[in-house]
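The chain below stands alone and is given as structure tokens, in the form predicted on its own.
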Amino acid sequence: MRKRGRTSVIFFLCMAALLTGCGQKSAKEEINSIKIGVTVYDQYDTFVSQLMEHFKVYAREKSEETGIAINIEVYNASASQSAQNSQVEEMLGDGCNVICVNLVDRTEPTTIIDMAENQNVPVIFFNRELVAEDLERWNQLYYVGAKAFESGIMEGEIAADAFRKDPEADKNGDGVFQYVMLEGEAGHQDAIVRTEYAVSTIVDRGIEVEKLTYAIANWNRAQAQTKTAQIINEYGNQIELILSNNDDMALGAIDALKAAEIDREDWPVIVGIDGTDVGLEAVKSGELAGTVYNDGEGQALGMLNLAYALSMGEDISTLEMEEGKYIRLPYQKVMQTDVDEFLK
């Protein structure tokens, strides 16, 4: 059933009626089922899609473990903040105990926060981190994700190691890494931080770099292919490195290189971030020099455990959280030598 971009996934493992009220119950024994509402900025984002699949699996396992029916409603905001606001309003009206939000616009959470606070329904923001001051506006706001700067550092380390270990990476032999940057959304915090730290880390490793150009491809593989094709036409074999803010855009660059029929040995070094399944396969094949694993599985489990505890009125201090509000999972570098561990 579809409604406003919603797909409904319901796990019934005990005979019970849905809770009719919003918020939390004081006595755990009164609760037979809970409802968790989720809205994602774009269901076609590969990383977000994988994270949600993990979330559903963990919800099913939690239901089996506890005997509590966990009902999940997933909405797709399709990159529209106004649509996402309406979806949250609908979820609140449907009696969700907790709302999980993958923000379209990280700078515009006010409407969602105000609606949730008025209904006394906790909000867990995930993957796209809002401004810290906004998270302090109410004591029932939380964030699950990772620290963006760590991924930028690790991406820079992968690129620097590739340049050091392979003399052929320096195509013109000038000792300078000529690079292209594929960025996510304009003004997006993760895109800015990943870009800045990737480049500064290469420089900190004692390698001189020269920026040829950049392109904003909005985390999207098809857009990245189009933009990279244009860059190839302009710069050709001058490109020695392509840094990408995520795996999908890195794979779009690979698509462009293949479409241009450039021999594999003439490709630039390409590095991604996220460690999606398709990204990991590209590392295994050698098409990507490496990626940075963003633990979507760990984020999904952390978000499910927090949402469950909040819905059941349990003490969340037992969860591993920073400042009582943040659940953060560390990034990990992935190279061809250890990619099989992550593919498992």
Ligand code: GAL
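In this text, residue numbers run from 1 along the sequence as written. Owing to the predicted nature of the structure, the values given are computational and were not obtained by experimental measurement.
The protein also exists as the form predicted in complex with this ligand; that form is not presented, and the subsequent description refers to it.
Practice prompt. Find the only residue in A309, V48, L301, I31 having a heavy atom within 4.5 Å of this ligand in the predicted bound form.
Written response: In short, V48.
Discussion item. By the heavy atom within 4.5 Å rule, which residue out of Y75, F163, W219, Y142 makes contact with this ligand in the predicted bound form?
Written reply: Checking each option against this ligand in the predicted bound form, the one that comes within 4.5 Å is W219.
Item to complete: Work out which of the listed stretches, 37 to 45, 311 to 319, 279 to 287, 53 to 61, brings a heavy atom within 4.5 angstroms of this ligand in the predicted bound form.
Response: After filtering at 4.5 Å, what remains is 37 to 45.
Discussion item. Using a 4.5 angstroms cut-off on non-hydrogen atoms, would R128 count as touching this ligand in the predicted bound form?
Written reply: Yes.
Fill in: Partner contact for R106 in the predicted bound form: this ligand, 4.5 angstroms, heavy atom
No - in the predicted bound form, heavy atoms of R106 and this ligand never come within 4.5 Å of each other.
Worksheet item: Even though this ligand is not shown here, does R194 get within 4.5 Å of it in the predicted bound form, heavy atoms only?
Response: Yes, R194 is a contact residue.
Worksheet item: Using 4.5 Å between non-hydrogen atoms, is E240 touching this ligand in the predicted bound form?
Response: It does not: once this ligand is placed as it appears in the predicted bound form, E240 has no heavy atom within 4.5 Å of it.
Discussion item. Heavy atom within 4.5 Å of this ligand in the predicted bound form: which residues of 291 to 310 meet that condition, in order?
Written reply: Sequence-ordered list has one entry, N294.
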